[in-house]
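Here we start with a single chain on its own, the form predicted on its own, put down as structure tokens.
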């Protein structure tokens, strides 16, 4: 999967598509999911053009990586799920069912989330 500069998250980062922003800094943007799968459902994305967790881990700077993980913790706290618990999901590649070729993490919480994986 190669980076598509016209993917929906790239368009959000460029301001072409609006989002319900919950956090932003120099390296990260976080916003509420437009189709929430839990009472709390936010997406955290790096501002750099990284396709997946693999790409981000291999090529992002130490500063970007630290900023991203700190942002995830801050967003979880700000959304009120840090104490009760939440699930982080990052799909990668075809087998991981990644739909948008821009690295992102879903924060899901505000309720019991259930089993981690429902395999056939």
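Computed from a prediction, not measured in an experiment: that's the story for all the values here. Residue numbers count along the first chain shown, from 1.
Keep in mind the form predicted together with ligand 5GP is missing from the figure; the text below concerns it.
One stretch from 52-60, 79-87, 65-73, 39-47 that, in the model of the complex, holds residues within 4.5 Å of ligand 5GP by heavy atom: Result for this chain: 39-47.
Ligand 5GP contact at residue 32 in the model of the complex, heavy atom, 4.5 Å: Within the cut-off, so yes.
Partner contact for residue 97 in the model of the complex: ligand 5GP, 4.5 angstroms, heavy atom: Contact check for residue 97: yes, within 4.5 Å of ligand 5GP in the model of the complex.
Partner contact for residue 8 in the model of the complex: ligand 5GP, 4.5 angstroms, heavy atom: Flag for residue 8 set to yes.
Distance check, residue 22 to ligand 5GP in the model of the complex, heavy atom within 4.5 Å: Because no heavy atom of residue 22 falls inside 4.5 Å of ligand 5GP in the model of the complex, the answer is no.
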